[in-house]
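Starting off, we have a lone chain in the form predicted on its own, written out as structure tokens.
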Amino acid sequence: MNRNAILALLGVVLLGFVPFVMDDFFINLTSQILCYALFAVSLNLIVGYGGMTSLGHAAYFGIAAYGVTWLHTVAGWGQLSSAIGAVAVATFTAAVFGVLALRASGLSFLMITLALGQIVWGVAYRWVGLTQGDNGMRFPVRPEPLGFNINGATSFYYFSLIVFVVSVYIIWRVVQSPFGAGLRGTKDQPRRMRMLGHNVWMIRWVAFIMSGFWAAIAGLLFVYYQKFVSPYTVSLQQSAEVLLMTILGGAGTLTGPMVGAVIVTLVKNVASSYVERWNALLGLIFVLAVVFMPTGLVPGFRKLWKRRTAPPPASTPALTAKPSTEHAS
């Protein structure tokens, strides 16, 4: 077992002890962090590994949340069938939006995803008959997976932890697979990938769909946690915050988006109780991180650690002048 696997296992074990050392407020806060961490990791698939910066990722997150609520409360579907249906709708939306967005790249791709996300927000805000508009929709009761009641803070936390660990493990396997290597290749050397016979557009589209799928899973966790969904769930601010989490922690790393999710969620829920303008504080943190650690906090601290633990360079002995062997006559 390598060092990264040991650290990951240790992290899961420590997370398992959270309910034993914290009260219900911080247990619920940690559940929220897990939800947003999975959301950020899903975005990192296309931003960090694929080089496709999106400002509309909250669309799939919110569609899943709205979908499971509508299917269960209005259409009368069961908990499991409504969850599967909601994830399917969100993933299909990601597939359609991917076809539209991948017609461009760079700034144009960013603007297309922004426009598509705003369309979803407009539907959620204006179509009152479907989404109840700004009033939002309430989810009546949390599901009981395999007969387990997850209504309590501790039980829901363990449910969120299991979903989070399984999801991140699958994403990690995808990143380490040949597909993940191809995705990184489309980011770094797209022309060379085309010359080698790879379908760059298809690789990016599949990654876009997978990213939307995992964002939908995070959306389910969100609505199960909040028991409420509103147009804010699909808003531009939500997309911007999850992008901030990804970049702040370190795009292109597995743990970077998780660290970013921890910082942003703590600032929103804890620091905001003491600092009135918590948005300014979050902006200051981001600016400092960009200035001093432009690649993100995780890669930045990793470089500092390597620099501190690296052995000092071997000193080269000074060259001494050899005495002259010539004698004056």
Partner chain sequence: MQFWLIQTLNSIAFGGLLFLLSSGFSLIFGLMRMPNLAHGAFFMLGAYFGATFMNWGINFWIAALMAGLVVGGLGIVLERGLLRKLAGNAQGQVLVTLGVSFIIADVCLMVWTGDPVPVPAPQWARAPTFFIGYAFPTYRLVVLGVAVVAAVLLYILMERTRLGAMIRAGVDDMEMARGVGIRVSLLFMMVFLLGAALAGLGGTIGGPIMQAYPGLDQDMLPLALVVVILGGVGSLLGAFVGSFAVGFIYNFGTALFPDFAYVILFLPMVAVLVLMPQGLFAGARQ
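Only a predicted model underlies this, so the values are computations on that prediction, with no experimental measurement involved. Numbering follows the first chain given and starts at 1.
We do not show the form predicted in complex with the partner chain, though everything after this point is about it.
Contact annotation for the candidate site: 27, 34 and 150 all lie away from the partner chain in the model of the complex (no heavy atom within 4.5 Å). Residue contact check for residue 254: none of its heavy atoms lie within 4.5 Å of the partner chain in the model of the complex. Though the partner is left out of this view, residue 267 does not reach within 4.5 Å of the partner chain in the model of the complex, counting heavy atoms only. Under a 4.5 angstroms non-hydrogen atom cutoff, the partner chain in the model of the complex lacks residue 224 among its neighbouring residues. Of the heavy atoms in residue 111, some are within 4.5 Å of the partner chain in the model of the complex. Partner contact region in the model of the complex: 98 to 106, out of 98 to 106, 79 to 87, 138 to 146, 153 to 161, criterion any non-hydrogen atom within 4.5 Å of the partner chain. Within 4.5 angstroms of the partner chain in the model of the complex, the stretch 218 to 251 places a non-hydrogen atom from each of 236, 237, 240, 243, 247, taken in sequence order. Compared with the form shown here, the Cα atoms of residue 237 and residue 282 sit 3 Å or more closer together in the model of the complex. In comparison with the shown form, the Cα-Cα distance of residue 237 and residue 285 decreases by at least 3 angstroms in the model of the complex.
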